[in-house]
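Before any questions on how it binds or moves, here is one chain, the form predicted on its own, in structure tokens.
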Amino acid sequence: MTRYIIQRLLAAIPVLLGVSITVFIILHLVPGDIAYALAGPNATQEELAEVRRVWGLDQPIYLQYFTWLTRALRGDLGRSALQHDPVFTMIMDRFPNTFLLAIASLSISSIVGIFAGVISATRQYSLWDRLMMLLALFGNSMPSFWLGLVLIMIFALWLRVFPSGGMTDVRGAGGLLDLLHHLILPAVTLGTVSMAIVARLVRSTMLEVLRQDYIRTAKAKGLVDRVVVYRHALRNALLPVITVIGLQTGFLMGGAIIVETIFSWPGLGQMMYRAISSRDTPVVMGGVLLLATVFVFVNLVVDICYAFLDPRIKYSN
């Protein structure tokens, strides 16, 4: 297992390198001059030339990337072109907020999705099954930005049950309960698509597992249905589900950009949106590198979880 983990970590290096190269090139292929975004629309030619010199924009693109990579390997992600703060500090200040939102969304989508999928599989073709799959299809078809606006309109403007944005009360006196109160709407918005995918996948895998011979044997031995379903069938049905949940983690981290912008959630996604809009290259590069690292790490954790769920899976030492 240790050797396998080391090999996966070494394999992640070219992946992260490729991601950084791709993003760096895309940022420089966007029409327009980055110097204008940094210096402002009223800057003179002399000021633009000074900005290009200071930020290294007068160098070839491969030298610009090599300079950024050399600093990144030393732990220096540069400074924000607009706020002039260290990028690493900005990311670390906001990443916990995005991580909290992603974990809450993942918890909602996994728990509700697995429960709905199991109930639908054990009651196939029932009214509950048809209702759950209809809701799953509806949830899978809704864009996050549309669902977020609908939830704000219903629960924040009409019913006034939840706040429309922010992470805590502006008065700062709410504590943990206030944080959870602000977290519900963006977490549900971000996790709805993943919830629908998990529910449909659990249903299909559970239906396949419930038809296996060992399930019929367990029932013939007199085991109650609850034990057969949750202790024997669900464990084997979770293997493909864990793969999807791992992939959805990366999706949730990336999708948080839209949700955080809609709900004014002070996380990494909102920071990335502003950086992309203003062409703040150091912030965009640092944020993308962090998200790619998290995605690679989650995939490694998913592969390790396989060995615990299925004893037949072994990784050579």
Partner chain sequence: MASSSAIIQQLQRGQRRHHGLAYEAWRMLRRDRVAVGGACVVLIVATLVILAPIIAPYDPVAIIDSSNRLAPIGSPGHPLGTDFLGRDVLSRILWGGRVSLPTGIFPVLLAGLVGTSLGLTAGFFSVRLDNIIMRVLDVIFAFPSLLLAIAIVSALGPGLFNALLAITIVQIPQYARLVRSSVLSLKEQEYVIAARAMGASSLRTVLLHVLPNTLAPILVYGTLETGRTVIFAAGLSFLGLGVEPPTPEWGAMLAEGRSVLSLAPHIATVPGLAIFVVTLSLNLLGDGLRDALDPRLRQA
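Numbering follows the first chain given and starts at 1. Think of the rigid core as the biggest set of C-alphas that the two forms share within 1.5 Å after superposition. The structure presented is a predicted model; accordingly, all values stated were derived computationally and were not measured.
Same protein, other form: the form predicted together with the partner chain, not shown, and the subject of what follows.
Looking at P60, you'd find every heavy atom of it more than 4.5 angstroms from the partner chain in the predicted complex. At least one heavy atom of I258 is located within 4.5 Å of the partner chain in the predicted complex. Residue contact check for Y273: one or more of its heavy atoms lie within 4.5 Å of the partner chain in the predicted complex. Not displayed here, the partner chain is approached by L157 to within 4.5 Å at the level of heavy atoms in the predicted complex. Stretch 142-150 is the contacting one of 142-150, 184-192, 224-232, 105-113, since its residues have non-hydrogen atoms within 4.5 Å of the partner chain in the predicted complex. For the candidate spot formed by A121, A237 and I242, no residue has a non-hydrogen atom within 4.5 angstroms of the partner chain in the predicted complex.
A292 is the sole member of A292, L69, A49, I34 with a non-hydrogen atom within 4.5 Å of the partner chain in the predicted complex. In sequence order, V15, G18, V19, T22, V23, I26, L29 are the residues of 5-29 having a heavy atom within 4.5 Å of the partner chain in the predicted complex; the partner itself is omitted from this view. In this overlay on the rigid core, V296 has a C-alpha that sits less than 2 Å away from its partner position between this form and the one not shown.
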